[in-house]
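Only one chain is shown below, in structure tokens, and it's the form predicted on its own.
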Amino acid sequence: MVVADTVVSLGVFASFYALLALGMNIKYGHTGLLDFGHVGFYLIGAYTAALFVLPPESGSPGTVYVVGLNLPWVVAAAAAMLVAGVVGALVALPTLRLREDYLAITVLGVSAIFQRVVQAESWLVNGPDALRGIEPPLTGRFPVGGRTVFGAIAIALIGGAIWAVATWALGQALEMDGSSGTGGTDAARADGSGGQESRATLAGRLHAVATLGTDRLLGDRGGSGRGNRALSAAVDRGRNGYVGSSLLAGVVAGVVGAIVTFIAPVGLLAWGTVVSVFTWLVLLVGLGRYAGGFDAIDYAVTLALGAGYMLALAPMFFLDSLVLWVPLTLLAFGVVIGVTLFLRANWSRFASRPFRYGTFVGLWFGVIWYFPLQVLSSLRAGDAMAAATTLFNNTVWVLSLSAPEPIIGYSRFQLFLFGAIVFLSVYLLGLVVDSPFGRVLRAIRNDERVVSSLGKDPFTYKIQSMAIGSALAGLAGALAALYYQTLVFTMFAPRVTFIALLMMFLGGVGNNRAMVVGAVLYWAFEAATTELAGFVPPDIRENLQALRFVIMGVLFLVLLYYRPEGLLGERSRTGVGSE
């Protein structure tokens, strides 16, 4: 089983929900405006984009819609953002001068009206029936190999973007402890951890290699000599967050990858392997920096707990009798949870940083599922080659290796496209919220009387916040239409708003990057519970799937009680404004 394909599909699905949560975060996290009707703008964006890309209506009795403009997806996404943003501002106009709870109730009602109009008016977007025929872009061009012109161009874009984002993320990971590769060791030693300096040095060297010499190129601008290079590198790191060198490195990596894959028969496989391994190394560096003062004992304990939670599922996999595996699974989970709570209450290491421990327990659980669990059946059958092939396929996630030769399938192109949109949105919104405009929004959230006393009109800023957040929801709807290719009014139920709220609180209110984390975690839980539901008889499967919402609610309450700021919390803005 190539589980990398499943993870890629999960990433595509989580991308537009991350945008939906990001729009909610702009409204509530940064401005304090609670919008219970956020799904209404998601609906507007989806149907607007669909009408822009659909061909003119042919009069078929199966599918009827008001207009089909047959325009490119870029235009459709822009129109979806514009229409959703304008509608969001207009809906907020009558209520924002009143209390915020009036806005929440009004927008909830308006979103229900939007859904009912779509359902009732058959001439508009096919009424209660599905709106079909939405054609994603470039579907006929995929899958692609390396030895074609279009394939080389696609590889240059995809590989360059992945390399640029990974290099930027590596730089951000190095900045977690305020250094670019050598700092942070004093804090680590103060925590009692040894050997952090060597890991930091290796991480810094990895970043130096990943930039492909572009940091030196930037350092040479404006003069020559080591001093100018150091000054320019410091400006690039501090002000732009490694953006300049990362973008240049992405361009270089994309061009080199396109050339190699175009001229060499095994070039695509080599390129995919290098890019995939690089992303895994960046992930390891980021986790190592997040671990802080972890030592071998901490890693061993979290690994044991992660393996314990995985083993607790063993009765479900190996026992056919429902009467046997249900109580055994519950008993096993009870034991592991009891051990976790005991360590949380009685072990100082765990008690001092419980969420960091919990994060690594979950990560070990995922690692066990992603790598060794996938080759267990092959190893039990004595087929070492099949096990090695599965491990290689899951490691080289950039490529689809199920075909006779390596290819880039459309799902991976969608992941690249959606991921690039999410990354760009998070980056641009980071600039917005760190600007004077963003500081006014946060001041309104904290106490709008202070804003009024300084001569600013809170009402104007609230309208703009509603427009920006609603436009992001519209963009999420456009991507959803591209992904699903079919729209039904039931997809836009009020629960979608509360899913976005859950993602926001899960990641961290007021933290734009945390919206991506919240979306991925939520849909990972959804996918895992859906897969586990396949082990139960069909007659009780629906009840089990409903039970996951109860479990999710309990976990959410636990999170709000013990960590109301979310897993990542609100990003610190110390020094913002002086950068």
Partner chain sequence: MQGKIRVRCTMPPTTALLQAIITGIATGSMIALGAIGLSMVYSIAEVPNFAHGDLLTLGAYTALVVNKPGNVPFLELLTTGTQARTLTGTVVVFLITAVGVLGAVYALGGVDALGGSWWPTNPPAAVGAAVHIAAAAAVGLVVAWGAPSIVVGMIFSGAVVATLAPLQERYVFGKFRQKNVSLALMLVVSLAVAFVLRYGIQTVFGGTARSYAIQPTVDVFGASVNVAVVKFIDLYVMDGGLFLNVTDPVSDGVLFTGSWSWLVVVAILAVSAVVGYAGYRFRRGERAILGPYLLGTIAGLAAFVGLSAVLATGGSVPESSLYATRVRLSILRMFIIVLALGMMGVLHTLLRATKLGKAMRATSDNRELAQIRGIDTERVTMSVWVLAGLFAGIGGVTLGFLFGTLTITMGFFILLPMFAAVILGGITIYGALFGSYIVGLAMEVGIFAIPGLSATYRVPIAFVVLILVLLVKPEGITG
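Numbering follows the first chain given and starts at 1. Everything numeric here is computed off the predicted structure, so don't read it as measured data.
From this point on, the text means the form predicted in complex with the partner chain, which you will not see here.
When the partner chain is considered in the predicted bound form, residue 523 lies well away from it, no heavy atom lying within 4.5 Å. Looking at residue 554, you'd find a heavy atom of it within 4.5 angstroms of the partner chain in the predicted bound form. At least one heavy atom of residue 98 is located within 4.5 Å of the partner chain in the predicted bound form.
Taking the partner from the other structure, the partner chain in the predicted bound form has a heavy atom within 4.5 Å of a heavy atom of residue 106. Proximity of 252, 392 and 396 to the partner chain in the predicted bound form is absent: no residue of the three has a non-hydrogen atom within 4.5 angstroms. Screening 147, 344, 141, 116 for any heavy atom within 4.5 Å of the partner chain in the predicted bound form leaves a single hit, 116. Put simply, of 290, 318, 371, 102 only one has a heavy atom within 4.5 Å of the partner chain in the predicted bound form, and it is 102. Heavy atoms within 4.5 Å of the partner chain in the predicted bound form are found in exactly one of 320 to 328, 133 to 141, 335 to 343, 498 to 506, that being 498 to 506.
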